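Just one chain follows, in the form predicted alone, and it is written as structure tokens.
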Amino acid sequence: MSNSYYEFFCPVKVIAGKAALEHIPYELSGLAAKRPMIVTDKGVRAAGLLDPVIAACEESGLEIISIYDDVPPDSSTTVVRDIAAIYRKEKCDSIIAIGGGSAIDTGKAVNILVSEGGDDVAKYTGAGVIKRPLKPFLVVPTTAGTGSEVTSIAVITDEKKGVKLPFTSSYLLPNAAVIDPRMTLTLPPHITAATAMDAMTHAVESFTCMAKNPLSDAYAAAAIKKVSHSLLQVMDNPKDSDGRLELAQASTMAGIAFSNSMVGLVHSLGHATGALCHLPHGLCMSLYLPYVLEYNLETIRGPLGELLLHLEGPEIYAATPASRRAEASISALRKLRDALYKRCQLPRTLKETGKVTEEQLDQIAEMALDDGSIMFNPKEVTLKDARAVLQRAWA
């Protein structure tokens, strides 16, 4: 599975640590930005997460011109247009997106409109449409999972047409990602678990998929080690800011990995299930991961076996015969999912979600085959194969 040719690209500056937020004004002034707009959601604002950002800006004489805090969980073209209108009216010159995947994707799409002009963001969908740098854009993730802060992709719903619009351009990448453990300290247990498993899945799929390469491998392996080390500690001690920082860094590293190596069948099944049954993305990732690894097992024995070192540590790795390491990696992931189920009922099967019926499995399988991620799965997938994996994941 070695690639003789690959490309690796990650131009996002990462500002991380326990006082990372205080560096935002310095970063903006370096980009000649004086009138930032914050794009976020009600939950983030209610949790008081904007306060340290606003305080840091005021202290250095930078005025936050406008705060939009009404980003919905599934952001739409209408929301993007509304925010762009406020940005123009208030004469803002930069965007700080604070939140999970939806707030970050919204910030990316707003940046297209305010930089390129017009009201119709839909005409910029697809790849390679945006030809030049956009306005200064910083991202402050409040969940440790999606990795959106270092990916060149945004997905926004077109409500009138009822479709999800994909945007992809290296110009969508933020100027900086600000990783501060204060932003994830208040995450509820089930979201902490689901988002960390989202990062874990990004990393594991990145490490075992078709387009893996030595650089993406380094980021993926490090992310897996961090999640394995810190997730249960944080579940048992939610205020552990060192552990929170580890998970947040793991998410960013996994984001860098998969945006350079792509993902596979877990994502195809997850995207389809999310669209059809409205389950959170991280939950779908956690749910499908072991079943897909079992399906891919014979094709990925080598890399999956290597991951045992990062999942279980050197002693267990050394004590496990090389021929059994791939299976032991899957067992380690199952053990982690069981521990999460015990702590916050994060579902391990489709049945445990209570939101999926067995009748929907055929439709999920068909949708998954149309998903772009499936091209990078290390093993060919037919409709029958996808349906069989779903049956395993059912109960």
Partner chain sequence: MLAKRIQPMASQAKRLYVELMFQVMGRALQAVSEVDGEVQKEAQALPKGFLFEMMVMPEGAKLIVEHIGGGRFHYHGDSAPRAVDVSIQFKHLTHAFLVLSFQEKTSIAFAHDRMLVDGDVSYAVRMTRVLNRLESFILPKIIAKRAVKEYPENLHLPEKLISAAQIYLKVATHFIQTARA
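Positions refer to the first chain, counted from 1. Everything numeric in this text was worked out from a predicted model, so none of it was measured.
Below, we refer to the form predicted in complex with its partner chain, which is not included among the displayed structures.
Of the residues Ala211, Met235, Val114, Leu245, just one reaches its partner chain in the predicted bound form with a heavy atom at 4.5 Å or closer; this is Ala211. By the criterion of a heavy atom within 4.5 Å, Leu369 is counted among the residues contacting its partner chain in the predicted bound form.
Taking non-hydrogen atoms only, Val14 never approaches its partner chain to within 4.5 angstroms in the predicted bound form. For Ile24, no non-hydrogen atom is located within 4.5 Å of its partner chain in the predicted bound form, even though that partner is not displayed. At a distance threshold of 4.5 angstroms between non-hydrogen atoms, Ala127 is in contact with its partner chain in the predicted bound form. Taking its partner chain as it sits in the predicted bound form, the stretch 223-238 never comes within 4.5 angstroms of it through any non-hydrogen atom.
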